[in-house]
Ligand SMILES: Cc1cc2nc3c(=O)[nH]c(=O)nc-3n(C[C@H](O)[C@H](O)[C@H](O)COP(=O)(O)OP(=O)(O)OC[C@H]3O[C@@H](n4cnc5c(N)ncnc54)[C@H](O)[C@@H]3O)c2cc1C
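One chain is shown next in structure tokens, namely the form predicted alone.
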Amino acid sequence: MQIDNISHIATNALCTACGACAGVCPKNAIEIITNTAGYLVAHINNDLCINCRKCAKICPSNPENKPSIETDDIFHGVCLAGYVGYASDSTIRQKSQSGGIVTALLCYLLEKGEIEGAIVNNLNPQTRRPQAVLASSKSEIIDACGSYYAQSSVAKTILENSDKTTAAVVLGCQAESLQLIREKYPNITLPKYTIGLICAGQHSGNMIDDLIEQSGCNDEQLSAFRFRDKSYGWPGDVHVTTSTEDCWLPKESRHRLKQVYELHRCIACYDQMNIFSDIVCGDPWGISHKQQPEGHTVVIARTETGKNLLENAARDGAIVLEELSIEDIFRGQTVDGRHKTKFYTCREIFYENEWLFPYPDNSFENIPFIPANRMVRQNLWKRLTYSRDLYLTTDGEEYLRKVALKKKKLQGNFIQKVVRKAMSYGAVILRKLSIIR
């Protein structure tokens, strides 16, 4: 079935709101709106649409689209070199999500005059939502430190600034839309550098509201919000700042809300490792000797452009790098185990339910993976079914009911896990006591 425009993507709960469709539409017929469930979604004005299919041709959720890449394993992508490191500037390193490599590279490019600005996300305190902006000064780039796990239309902002020389920080779906634009519409100017983030998925912006409410700062004027502030050490806790107080929540508060607000499309995404960017950066999971409180960043150079940037920035003292095995990075990110199992299981569930799957079949053949056990499969089925149903909910009261019910179930599961762990720990203690006696 040929997809004529991205409306079919949205009605199948597959829109990531990257915004590429809105950016390429010749009639400005596409707007990124917030649906009842709080997710950003592309919406077509049919009175303006001329059915040119430009939006469909560059949508990363359209299964007709397959960007070009030279690799035997699409989960890994092209890997020229691996590193671990941090920003030389202690302020950047402290304010950053991990080791500050992304922010340091953007500041380096700006100071060298290689770019006029960087497309980054910051938080709009009025809307309490992340927004993609063009940061044209070092201070603006540093103020955008840290990751936001809610949606923003980065590709749209990139295309709105195509008259400038830029670098852009992107997620996998956003990088894929840029790659499709590069191939389908080569006359469109895209960023000189793309710095990708290792991604575990996006969430509804309502997750931010929920965390702010939990913090007790809900009635105050918001001045800053961080999903992960590592002032007290990596990986960091939730930090809400108002005009009068600082409020902190343990990282477990964020973890418990992930499955409440996660984006349906993201659960089934293969591109955790952002294969279409020049560089991809992330946390040093699994790299035990690089998990100090001040933070480190693992980095993969995917293109010669990216590798040269990293080498030049290290040579000029903007960042500190040491080589790290690519295998160690993928092992730490559990790509070949957990992630591949999740993807292939999601694909099976999509097919069984006759849901539109966002990728062509022939991209994923002959790649080894570990089949899911019964418990993992059941959990993924629950997550996919709930997230799809939530995304497509059109009644506000029904939405609130579903969210409340999901929270209650997750809380019950959490308590059960705590009890089981305590009982297991108690059994171990009793065994040890019996041995001593």
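The shown structure was predicted, so the numbers you read here are calculated from the model rather than taken from an experiment. From 1 onward, residues are counted along the sequence shown.
There is another form of the same protein, the form predicted in complex with this ligand; it is not shown, and what comes next is about it.
Proximity to this ligand in the predicted bound form, defined as a heavy atom within 4.5 Å, singles out one entry of 238, 115, 144, 159, which is 144. When you look in the predicted bound form, the only residue of 300, 102, 319, 178 with a non-hydrogen atom within 4.5 Å of this ligand is 102.
By the criterion of a heavy atom within 4.5 Å, residue 278 is excluded from the residues contacting this ligand in the predicted bound form. In the predicted bound form, at least one heavy atom of residue 106 sits within 4.5 Å of a heavy atom of this ligand.
Residue contact check for residue 148: one or more of its heavy atoms lie within 4.5 Å of this ligand in the predicted bound form.
Of the heavy atoms in residue 211, none are within 4.5 Å of this ligand in the predicted bound form. Taken together, 96, 154 and 201 are fully in contact with this ligand in the predicted bound form: each brings a heavy atom within 4.5 Å.
Only one segment in the set 344 to 352, 159 to 167, 192 to 200, 240 to 248 has residues whose heavy atoms sit within 4.5 Å of this ligand in the predicted bound form; it is 192 to 200. Heavy atoms closer than or equal to 4.5 Å to this ligand in the predicted bound form belong, across 300 to 339, to one residue only: 333.
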